[in-house]
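Before any questions on binding or motion, here is one chain by itself as structure tokens, the form predicted alone.
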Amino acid sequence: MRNPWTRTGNYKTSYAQDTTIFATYSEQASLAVFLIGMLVLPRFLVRGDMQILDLILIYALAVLGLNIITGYAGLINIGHAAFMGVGAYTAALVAPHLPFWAVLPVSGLVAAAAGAVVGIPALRIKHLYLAIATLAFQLIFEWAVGHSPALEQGGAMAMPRGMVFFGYKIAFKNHHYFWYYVSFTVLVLMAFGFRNLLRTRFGRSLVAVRDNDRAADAMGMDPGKTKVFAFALGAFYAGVAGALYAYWSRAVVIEDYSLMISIKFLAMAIVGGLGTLVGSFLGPAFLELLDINMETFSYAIKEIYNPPGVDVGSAIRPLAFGLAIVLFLIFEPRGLANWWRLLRSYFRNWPFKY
């Protein structure tokens, strides 16, 4: 008889059982405990810690979209921050006229439209050439914003403040706490959508086109439409993340959506694990915490050794960032998600070795 709490064998007798999200009751219970823990976590954190946690959640949502484009569909994207910027600037324009819960999907849809346009070159080009095309979109976005008076030419565009949500006024002291719960709720909902994507024919088409687009075409899938769909859906995630970031930071500035941020997103996807749900959370958390700790370490280095004309402390942060990417590419190309898989396998099989 199949044990519903532990994996004691493969007793799946239907396709529905094979594609289920939770294989056992213990997985459902562990997820419930994790969600409850995340909901009560802000009670034990100060405002500065909440600021870091909010940023990790928003970046995780953007990396989910990048994993759809690069992880699932295998399309290199170096302009993901531009999609996030499209959502942020859309939010800045429509926020005075709509409630925030309506601004989020509107920003995502506008970003999805931009993603579909950027995905058109994917109909004819791939690999390095597609990477250059997405890089061109990133540069065009920065140039267009920088020369647009309606967007303050890249300067700060203020977001609404002092909002009231069901009688709850969002002020300075509770700002990060409120947007933590909003970001966490949106992230959980869109993470379930991400997880269910491979259970649909659209998600399976993404993987088939990534593995071999000619074979997918022979099996009746349209590689062109699939690639455009991947860009549109991934950009939708980035657009929603951009709107959340705009509300969280209280302003929209072009520097927050530059080429460096796009590279940072790509690094988060690689470190976390391309095409994995868990990696979309672990990558942003690892690199953001690494950056914060390296900043603290750099101050200590400056006090100990800082020769004139050489800023040793400032060089540590980019050095650690680049070194982390190189080491993961060499020694763990499957990212932190593979470590999580091995850890789960160990506890599932314990006390046996296999």
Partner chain sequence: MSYFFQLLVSGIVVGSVYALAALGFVLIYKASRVINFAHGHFIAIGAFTAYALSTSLGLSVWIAAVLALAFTAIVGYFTERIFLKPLVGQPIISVIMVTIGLASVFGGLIHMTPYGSGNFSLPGFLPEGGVNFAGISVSYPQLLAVVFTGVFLAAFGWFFQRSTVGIAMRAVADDQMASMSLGVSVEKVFALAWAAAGITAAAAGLIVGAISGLNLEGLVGIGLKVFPVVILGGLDSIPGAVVGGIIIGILENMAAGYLDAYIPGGGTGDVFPFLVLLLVLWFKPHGLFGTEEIERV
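Worth saying up front: this structure is predicted, and the values here are computed from it rather than measured. Positions refer to the first chain, counted from 1.
Form predicted together with the partner chain: not shown, discussed below.
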Heavy atom contact within 4.5 Å of the partner chain in the predicted bound form, the stretch among 231 to 239, 103 to 111, 90 to 98, 265 to 273: 265 to 273
query: Should the three residues A191, A300 and R341 be counted as contacting the partner chain in the predicted bound form, with contact defined as a heavy atom within 4.5 Å for each?
result: no
Partner proximity in the predicted bound form: P121 to the partner chain, non-hydrogen atom cutoff 4.5 Å: yes
- prompt: Heavy atoms within 4.5 Å of the partner chain in the predicted bound form: does Y129 have any?
  reply: yes
message: Considering non-hydrogen atoms and a 4.5 Å limit, does the partner chain approach N212 in the predicted bound form?
response: yes
- prompt: Can you check whether A150 is within 4.5 Å of the partner chain in the predicted bound form, heavy atom basis?
  reply: no
query: Pick from A136, L197, M221, V278: which has a non-hydrogen atom within 4.5 Å of the partner chain in the predicted bound form?
result: A136
- request: Would you kindly say which of I304, A315, I36, A29 lies with a heavy atom within 4.5 Å of the partner chain in the predicted bound form?
  value: A315
query: Even though the chain is shown alone, can you say which residues of 316 to 340 have a heavy atom within 4.5 Å of the partner chain in the predicted bound form?
result: I316, P318, L319, F321, G322, L323, I325, V326, L329, I330, P333
